[in-house]
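Here we start with a single chain on its own, the form predicted alone, put down as C-alpha cells.
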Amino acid sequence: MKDTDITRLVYAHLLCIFSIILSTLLPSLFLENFSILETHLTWLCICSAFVTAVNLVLYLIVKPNAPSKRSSLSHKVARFLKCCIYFLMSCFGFHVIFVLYGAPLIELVLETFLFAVTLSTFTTVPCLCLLGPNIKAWLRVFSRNGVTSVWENSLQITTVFSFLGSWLGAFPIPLDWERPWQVWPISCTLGATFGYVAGLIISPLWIYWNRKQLTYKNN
C-alpha cells in the first residue's frame, strides 16, 4: 500500500465533508429563512445534490479504478443509465424499508422518500462511482476480505457508518422530549449525515493505522 493512496483518499474525503458544510452554509446566502430544521426538506435536496456532484467530480479526476477497455460512447451512455436506474431502485428500496420499520405509510411520504434519497446519496452513489453498476463487485467489496484497494476499504466503512448513524438517529423520535429535531425524519437524516462524516474521518485514520496489516490482491 502506498502512502500516496492514503493521502489522495484524505483529500477526497475532506472535499466530501466540505460539500456537506457548504450545503449548510451557502444556501442561507440566497434563500430566506433557510435552516436545517426549519427548511429541512430543502436542505436534504441541496445536501444530496452537493454530495453527489462532489463524488462524481472526485472519481472522474482521481480515477481510483483502471478505466474500462470498452470506452465507446454507447457503452458510457448505457453505464450512466444503469447507474441512474440503480440509484432510483436504491431510493425506492430504502423507502420501503423505512415504512416496514415504522415510518408513516401515507403521511409524510415526501419526507420519507427524501430521507431515502439522502441515505442513497451517502451509500449508493459512492458505490456507483467506484464500482459502477456491477452487483458482483458490490457483493465482493462488502464481503469479508473482498476489498482490493484503500478506496474500497473506505467505501465499506463510510457505508456502514451511514447506516449506523441513521439507525441511531431513530432512537430519540419516540422519546417525550418535544424537540423540533425529533420530527420524522430529521433525527434520522442528521444521524445519517453525522455517520457519513464520521466514516469519512475515521476510514483514512483506520487504514493508515492498519496499513502494515492490510494487503490487497492487486498489490
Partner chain sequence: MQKVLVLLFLAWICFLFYAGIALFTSGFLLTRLELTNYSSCQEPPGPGPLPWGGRGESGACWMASRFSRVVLVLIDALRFDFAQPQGSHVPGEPPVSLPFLGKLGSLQRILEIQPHHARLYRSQVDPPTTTMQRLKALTTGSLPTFIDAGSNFASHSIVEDNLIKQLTSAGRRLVFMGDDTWKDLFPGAFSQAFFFPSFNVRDLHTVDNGILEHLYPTMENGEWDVLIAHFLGVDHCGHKHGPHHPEMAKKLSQMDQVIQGLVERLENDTLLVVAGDHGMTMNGDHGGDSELEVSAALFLYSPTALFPSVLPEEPEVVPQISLVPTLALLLGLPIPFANIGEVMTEAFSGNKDSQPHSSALAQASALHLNAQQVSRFLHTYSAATQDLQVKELQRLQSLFSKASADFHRLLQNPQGAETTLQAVIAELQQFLRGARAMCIESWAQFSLVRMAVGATLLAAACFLCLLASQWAISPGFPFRPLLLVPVAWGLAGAIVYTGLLATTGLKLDPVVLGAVAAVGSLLSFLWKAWAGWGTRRPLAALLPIPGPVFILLLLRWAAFFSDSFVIAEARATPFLLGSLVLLLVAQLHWEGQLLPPKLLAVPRLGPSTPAGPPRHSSMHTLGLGVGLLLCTRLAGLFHRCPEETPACRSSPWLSPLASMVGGRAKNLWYGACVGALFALLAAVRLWLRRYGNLKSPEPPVLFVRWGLPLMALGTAAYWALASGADEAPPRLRALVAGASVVLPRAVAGLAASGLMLLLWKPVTVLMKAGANAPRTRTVLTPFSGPPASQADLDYVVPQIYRHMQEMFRGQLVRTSSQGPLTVAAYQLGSVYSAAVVTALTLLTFPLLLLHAERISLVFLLLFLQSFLLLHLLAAGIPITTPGPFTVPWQAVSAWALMATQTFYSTGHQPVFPAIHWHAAFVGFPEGHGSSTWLPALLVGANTFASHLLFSVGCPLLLLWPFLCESQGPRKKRQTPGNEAEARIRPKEEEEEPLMEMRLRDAPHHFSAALLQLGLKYLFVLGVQILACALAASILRRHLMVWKVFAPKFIFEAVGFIVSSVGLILGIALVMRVDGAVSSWFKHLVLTQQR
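Source: prediction; values computed, not measured. Numbering follows the first chain given and starts at 1.
The same protein also exists as the form predicted together with its partner chain; that form is not shown, yet it is the one meant from here on.
The listed set Leu26, Leu31, Leu56, Leu175 contains one residue whose heavy atoms approach its partner chain in the model of the complex to within 4.5 Å, identified as Leu175. When its partner chain is considered in the model of the complex, Val99 lines it closely, a heavy atom lying within 4.5 Å.
For Ala103, a non-hydrogen atom is located within 4.5 Å of its partner chain in the model of the complex, even though that partner is not displayed.
Although the partner is absent here, Ser74 is not a contact residue: none of its heavy atoms lies within 4.5 angstroms of its partner chain in the model of the complex. Remark: Arg79 does not count among the residues lining its partner chain in the model of the complex, judged by a heavy atom distance of 4.5 Å or less. Just one listed stretch, out of 190-198, 165-173, 33-41, 47-55, contacts its partner chain in the model of the complex at the 4.5 Å heavy atom level, and that stretch is 165-173. Contacts with its partner chain in the model of the complex, taken as any heavy atom within 4.5 Å, map within 116-145 to Lys136, Leu139, Arg140, Phe142, Ser143, Arg144, Asn145.
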